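The data below hold one chain only, encoded as structure tokens and taken in the form predicted alone.
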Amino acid sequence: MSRILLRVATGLTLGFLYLPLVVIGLYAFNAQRVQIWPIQEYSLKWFGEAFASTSVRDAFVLSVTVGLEATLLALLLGSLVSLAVHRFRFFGRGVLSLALVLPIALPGIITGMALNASFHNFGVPFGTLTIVVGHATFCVVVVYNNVIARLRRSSHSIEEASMDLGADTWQTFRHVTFPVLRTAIIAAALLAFALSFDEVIVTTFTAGTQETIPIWILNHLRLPNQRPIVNVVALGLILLSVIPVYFAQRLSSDTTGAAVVNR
């Protein structure tokens, strides 16, 4: 009986999470501009219009560009800070750890307002750079959490053994530390890119006149004639978001790091 209840609860939870996404996916094939349920006729014509839209293509390119740049910045900062926090003991270490994870817990609108005010005060023009900086504030948290979790599962003794055998700091990092962290770093990069690609609240405060894909959806959602194309773009965004999250989940469960440690 308990097994049946667990299955029912699991099904209800999955339905609660994914049924709205399924509805959006079905509306992407709706032949009519007006959204009515049940759908009377299905068509692929809106996909052609979406692919032919210059604004959609520009928004997609901007989202990919921002996602890649924000991910690279987050990888650099998040990995270095995680190594420093894990390897060294210093005053304020606990406060620093809290400060690093706090941005992802704060409401996005607060982060966006703070960034917007800061850019205004320092005279930084709004554009791709400001969006990248805004996205990096929460992408750093993802990288930091993934890398430091892997470091805590690894043993520092293998690095000491490498140094005892004559390897310098760079050789130890290249042949010992990095192989342990590799899958965690890749998983963090995939998650950071997915978060950046989908982000809308912070982007609203830092994009200026530019449109990423989520901002494009938000701006065109209020236009009835654009609703079918918005549904197509939303479906594409859902499918594209699944790919990095899936591979990040697979990499996060990878045991390569543990295998290296236990040799």
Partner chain sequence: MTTTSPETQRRKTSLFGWLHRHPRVKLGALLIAPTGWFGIVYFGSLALLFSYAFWSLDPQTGEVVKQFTLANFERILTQPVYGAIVFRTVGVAAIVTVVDALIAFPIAYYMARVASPRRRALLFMSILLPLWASYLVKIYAWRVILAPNGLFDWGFKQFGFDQFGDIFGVSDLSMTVVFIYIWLPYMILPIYAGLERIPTSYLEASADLGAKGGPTFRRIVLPLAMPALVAGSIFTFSLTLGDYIIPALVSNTQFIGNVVYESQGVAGDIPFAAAFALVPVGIMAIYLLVARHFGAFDEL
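Superpose the two forms; the largest set of C-alphas matching within 1.5 Å is the rigid core. Residue numbers count along the first chain shown, from 1. Given the structure is predicted, the values throughout are model-derived calculations rather than measurements.
The protein also exists as the form predicted together with its partner chain; that form is not presented, and the subsequent description refers to it.
Novice: Whether A9, T13 and A194 jointly form a contact site for its partner chain in the predicted bound form is the question; each needs a heavy atom within 4.5 Å.
Specialist: Every residue of the candidate spot has a heavy atom within 4.5 Å of its partner chain in the predicted bound form.
Novice: In the predicted bound form, does T137 have a heavy atom within 4.5 Å of its partner chain?
Specialist: Yes, T137 is a contact residue.
Novice: Spell out, yes or no, whether the shortest heavy atom distance between A59 and its partner chain in the predicted bound form is within 4.5 Å.
Specialist: Result no; A59 lies far from its partner chain in the predicted bound form.
Novice: Does at least one non-hydrogen atom of A207 fall within 4.5 angstroms of its partner chain in the predicted bound form?
Specialist: No - in the predicted bound form, heavy atoms of A207 and its partner chain never come within 4.5 Å of each other.
Novice: May I ask you to state whether R153 is within 4.5 Å of its partner chain in the predicted bound form, using heavy atom distances?
Specialist: No - in the predicted bound form, heavy atoms of R153 and its partner chain never come within 4.5 Å of each other.
Novice: Just one of V180, I148, L77, I186 has a heavy atom within 4.5 Å of its partner chain in the predicted bound form. Which one?
Specialist: It is L77.
Novice: Counting only non-hydrogen atoms and a 4.5 Å cut-off, give the residues of 11-37 close to its partner chain in the predicted bound form.
Specialist: Stretch hits, in order: T13, L14, F16, L17, Y18, L19, P20, L21, V23, I24, Y27, Q35, I36, W37.
Novice: Superposed on the rigid core, does the Cα of I24 end up 2 angstroms or more away between this form and the one not shown?
Specialist: No; that C-alpha moves by less than 2 Å between this form and the one not shown.
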